[in-house]
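This document opens with one chain alone, in structure tokens, the form predicted on its own.
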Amino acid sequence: MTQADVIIVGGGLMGTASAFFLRQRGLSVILLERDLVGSHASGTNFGNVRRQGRFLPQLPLANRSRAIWGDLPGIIGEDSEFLPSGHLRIAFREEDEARLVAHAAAAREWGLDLDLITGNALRDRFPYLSPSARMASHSPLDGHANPRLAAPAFARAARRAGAVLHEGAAVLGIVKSAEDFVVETAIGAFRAPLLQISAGAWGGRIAAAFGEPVPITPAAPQMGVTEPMPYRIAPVMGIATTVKEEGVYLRQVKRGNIVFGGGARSEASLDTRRARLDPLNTLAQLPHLARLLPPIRALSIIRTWSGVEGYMADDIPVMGPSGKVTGLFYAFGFCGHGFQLGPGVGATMAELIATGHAGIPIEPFHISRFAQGPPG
């Protein structure tokens, strides 16, 4: 039976980044992925590397992660096409404009400075925006990256650092003995005194098996990409709204294609590991995308896709130690907000597991918040 200091279940961005940073701290690591590294939410998301618009207590984690994104080549030897191009949240209503103003003031207290741009300054700086835009909240150091590259890049770096990664290693059962966890998989058994669950939407099933059920629901976000046009849109852009169907966003890659997402989600199945792609969702996105960026009306959509993501009832992830089982740690349920956080989650979980301290406040994400029952 193969043994290590830490076993990680789940080979998405959270798991692979944790494996890499645990090796930097000298712990031996076995990572077990049922399918291929980065094949679910970590590899099928929009690719947003944003800090603004987050639950404010999440900003220390987002700020830590942004620092890692900015030095990826120096840390793991690859950049995952990270482009610090800026991030815009656009308000079209007075009430949404007021929320942007309030969020900017509150975020400043958490170390995030946002520029609020209106009127002629907005038209001059971003002439491709809809003329009906009232305000843009600009986060100049945020941007986007390629989700298909990030988790595999961290996996390669973790392997080079000495971690053992197994794909095709579906977990069949986990038993906690007096000292160790024994993880039975389709390719054999593995043993370690420390266990991290980073299984995305499937993390809730494992937590429930340890007596810590959480209110997590799988869902399928809707993404798409257009044919290319001349590259001119540097920042990621999204509509600031409380209406889910209006909450679309887009980014242009250097090849000229425009990647988009947001709006309503479709169904996803944990059992089949499939996300339902609903063409009606794409049709519903189009008028809002055109409202945000009028020139997109002239472009053809060439591909749409989705993935299985896990959404918590309170829209906040589960991250930190178990409330019941010694040596057990969680990092899952990032509610479609996790791509930017991934490197920071890995660094924070490695610090927590290796030292007993996370280095930044993560108490709001603790699984014990559900010990008295789910919210609502």
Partner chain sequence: MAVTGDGVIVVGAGPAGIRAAERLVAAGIRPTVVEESARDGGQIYRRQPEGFRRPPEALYGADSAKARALHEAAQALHPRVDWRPGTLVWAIRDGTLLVNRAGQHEALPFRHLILATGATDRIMPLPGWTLPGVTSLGGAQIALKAQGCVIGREPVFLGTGPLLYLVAWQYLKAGVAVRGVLDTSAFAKRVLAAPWLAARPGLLARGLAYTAALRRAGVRIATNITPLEVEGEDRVAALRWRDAAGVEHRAACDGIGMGYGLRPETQLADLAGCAFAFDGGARLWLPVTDGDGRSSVPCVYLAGDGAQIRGADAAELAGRLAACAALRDSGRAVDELEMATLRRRLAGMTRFRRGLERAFPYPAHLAADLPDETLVCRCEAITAGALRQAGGEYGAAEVNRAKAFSRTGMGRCQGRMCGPAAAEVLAAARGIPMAQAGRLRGAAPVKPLPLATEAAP
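Given the structure is predicted, the values throughout are model-derived calculations rather than measurements. Positions refer to the first chain, counted from 1.
There is another form of the same protein, the form predicted together with its partner chain; it is not shown, and what comes next is about it.
Legend entry - Option touching its partner chain, based on a heavy atom within 4.5 Å in the predicted bound form, out of L72, V182, L286, L122: Exactly one listed residue reaches within 4.5 Å, namely L286.
Legend entry - Residue among R232, K244, R274, R205 with a heavy atom within 4.5 Å of its partner chain in the predicted bound form: Of the listed residues, the single hit is R274.
Inset, instruction - Can you check 100-108, 206-214, 85-93, 290-298 and let me know which stretch has heavy atoms within 4.5 Å of its partner chain in the predicted bound form? - result: Going through the listed ranges, the match is 290-298.
Inset, instruction - May I ask you to state whether G173 is within 4.5 Å of its partner chain in the predicted bound form, using heavy atom distances? - result: Outside the cut-off, so no.
Legend entry - Residue contact check: S130 to its partner chain in the predicted bound form, 4.5 Å heavy atom: No, S130 stays farther than 4.5 Å from its partner chain in the predicted bound form.
Legend entry - Exercise: D79 in contact with its partner chain in the predicted bound form, heavy atom 4.5 Å: No, no contact at 4.5 Å.
Inset, instruction - Answer yes if any heavy atom of S39 is within 4.5 Å of a heavy atom of its partner chain in the predicted bound form; otherwise answer no. - result: Taking the distances in the predicted bound form, the answer for S39 is yes, it comes within 4.5 Å of its partner chain.
Inset, instruction - Report whether all of L149, N257 and D278 sit within 4.5 Å of its partner chain in the predicted bound form, measuring from non-hydrogen atoms. - result: Yes.
Inset, instruction - Heavy atoms within 4.5 Å of its partner chain in the predicted bound form is the criterion; list the residues of 150-182 that meet it. - result: Sequence-ordered list: P152, R156, E167.
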